[in-house]
Ligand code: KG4
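Presented below, as structure tokens, is a lone chain in the form predicted on its own.
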Amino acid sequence: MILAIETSCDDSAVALLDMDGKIITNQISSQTELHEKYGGIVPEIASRKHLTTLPLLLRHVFDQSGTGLKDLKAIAVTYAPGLIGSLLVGVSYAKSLAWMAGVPLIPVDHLEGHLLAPFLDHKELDFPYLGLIASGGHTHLIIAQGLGDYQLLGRTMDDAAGEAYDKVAKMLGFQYPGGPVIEKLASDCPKASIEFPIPLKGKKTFDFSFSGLKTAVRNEAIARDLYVEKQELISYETFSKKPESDAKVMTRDIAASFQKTVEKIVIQRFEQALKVYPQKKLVLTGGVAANRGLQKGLDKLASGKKISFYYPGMRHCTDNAAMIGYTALQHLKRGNVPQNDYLRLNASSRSPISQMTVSA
């Protein structure tokens, strides 16, 4: 079996997979309640919580599966990218376990984990495919030719897609995480009436930009007297219990219009990329892949072009250790295991995939 550890951000995650890639157990301990009142993740709080959570989570995983260190063939760990304090906790813990068990330690790029996450739910998926990693910290459009063979077509020039969702939600007075809140507000709005500008429209690029869109939303919220970022943040449930008013209607309209614009941006990028790099399969992955609006939009695009569209199951969209273990296992099977002293492995805030040269 292979044990996987993921601590790149605020969720502590541990998973066990057999050598065929079947998930034995996949456990995630969320820190959302610790960070929601701040409107975003506090790195120091996140790393300290990992310190106390990981040992308990590992004990639970071993007890649940009836296994222990003696049953492991390898240990996988996310070493980049992410919050450096959080990564250091996971990497240090994994190194200690690998030394105790006497097994190889396989470092995994968190972005590659997301890129391969759909394989956990779609056994029929294979390379090559055009994929978008969309999360709170990353927006990367990639052609995946094969394991470790990736071509970066475009990335965000400023905010990541998930980050934009969180910031817009905070502007409107909602707690972190903002993605699910915006989606719920949008689903409550029968028609999005605001036409926000499309960043980089008409530009010959596969890059993304969400900063200008975020500013447009902010200006609209101010104009409608709905900009409440400095006030106490509330949950969607609290908002839904308020009496119906013009303010509630306008809040839903702003959220739905923002979501519609993000959908347009993502779909346009896929359309542009397919014209230059025709593919038979599309993949949406990362935390934002859980958004039903994006799923429906890309499914419609794929159906129109008679190609296949894949995204991970809800549990595998957000940060999880199963995708890290699966990715490590694929490299292990191909002999792509570092031969140097793994005790020298260090965490990094930068991803090798992010540092790839963007294709012209």
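All values reported here derive from a predicted model rather than from experimental measurement. Position 1 is the first residue in the sequence shown; the rest follow in order.
The same protein also exists as the form predicted together with this ligand; that form is not shown, yet it is the one meant from here on.
Enquirer: Answer with yes or no whether Val168 is in contact with this ligand in the predicted bound form, where contact means some heavy atom within 4.5 Å.
Expert: Taking the distances in the predicted bound form, the answer for Val168 is no, it never comes within 4.5 Å of this ligand.
Enquirer: Given that the partner is absent here, does His140 sit within 4.5 Å of this ligand in the predicted bound form, heavy atoms only?
Expert: Flag for His140 set to no.
Enquirer: Indicate whether Val288 is a 4.5 Å heavy atom neighbour of this ligand in the predicted bound form.
Expert: The answer is yes: Val288 has a heavy atom within 4.5 Å of this ligand.
Enquirer: How about Ser135 - does it come within 4.5 Å of this ligand in the predicted bound form, if we only consider non-hydrogen atoms?
Expert: Taking the distances in the predicted bound form, the answer for Ser135 is yes, it comes within 4.5 Å of this ligand.
Enquirer: For the chain shown here without its partner, which stretch in 145-153, 117-125, 179-187, 231-239 has non-hydrogen atoms within 4.5 angstroms of this ligand in the predicted bound form?
Expert: The contacting stretch here is 179-187.
Enquirer: Exactly one of Cys317, Leu298, Leu329, Ala322 has a non-hydrogen atom within 4.5 Å of this ligand in the predicted bound form; which residue is it?
Expert: Checked against the cut-off, the match is Cys317.
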